[in-house]
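A lone chain, given as structure tokens: the form predicted alone.
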């Protein structure tokens, strides 16, 4: 009887993990299938296209399957200035978004905490731009800073701009548009982090005769690092691949074209699919390396 009971217990103990494993697999299967169908498969197709070669018997836009690894070296050589410009603009716009969003998020999450109605109103104002088309917002800034606008004419009349100088089509305007359009992506993670901040830590720092700047550096800033890291990633990654703001039809010009503009032109105008695909793979790889290095340096526990 004892042996039978022991055997039954052992059998139940071994079958339970197997059953749990099957449940876990069943729960993960839809997500894995989704990633395989809509991420892994397109990524493999993109890499295969990036290695294609020009069909010697075809016309423009005719390519054949190959292993033309030289496509990557050619696009790096030809479009390196656009790569450098993309990541430079993304870095500057991300830093500007952080400098603008942090005080705003601090006010909403900490200072406005005793006033729920004010807090909700400010959050609504931050989210409100999402209810307007990205394209319309960008076109509105183009109209505001157009060559005939009162802003530009005033700058020209006061001598801050030469008579033949304008704002639209300059790096300043592109970075301005990128910063404006992606500020909510920085503000919301910062607000979420600062809203959970225990203000008793700030009071304790003041009671210990620490100056406000020291309390910020030693208490507020470290406790808000999860929001800073999340907001930085959510801002930098889409900015690096943006092609709307730098487009000549919006805030940029040919001299401010970013990597997204080059990819769009190669796909839709030049029909150079291997080059466009190679640039897309390089952009993803570069962002992945930069993000991995940033997260590792910042500490992965800050993302929890």
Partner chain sequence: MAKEFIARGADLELKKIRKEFPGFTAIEELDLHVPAGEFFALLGPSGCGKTTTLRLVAGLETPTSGQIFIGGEDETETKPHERPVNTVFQSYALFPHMNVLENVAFGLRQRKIDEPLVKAKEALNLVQLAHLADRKPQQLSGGQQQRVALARALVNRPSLLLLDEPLGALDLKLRREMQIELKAIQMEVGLTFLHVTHDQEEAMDMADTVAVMNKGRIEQMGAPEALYDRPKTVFVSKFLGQSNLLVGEVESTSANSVSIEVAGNKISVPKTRAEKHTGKIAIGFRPEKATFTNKKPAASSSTNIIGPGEIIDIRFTGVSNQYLIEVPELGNITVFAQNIGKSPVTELGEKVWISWSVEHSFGLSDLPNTGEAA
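The shown structure was predicted, so the numbers you read here are calculated from the model rather than taken from an experiment. Positions refer to the first chain, counted from 1.
Another form, the form predicted together with the partner chain, is not on view; read the next lines as being about it.
Checking 199-207, 103-111, 89-97, 228-236 against the partner chain in the predicted bound form, the stretch whose residues place heavy atoms within 4.5 Å of it is 199-207. This chain is drawn without the partner chain; in the predicted bound form, the residue among 194, 155, 126, 219 with a heavy atom within 4.5 Å of it is 219. The partner chain is not drawn, but in the predicted bound form it has no heavy atom within 4.5 Å of residue 188. Under a 4.5 angstroms non-hydrogen atom cutoff, the partner chain in the predicted bound form lacks residue 120 among its neighbouring residues. The partner chain in the predicted bound form comes within 4.5 Å of no heavy atom belonging to residue 175. With a 4.5 Å cutoff on heavy atoms, residue 223 counts as touching the partner chain in the predicted bound form.
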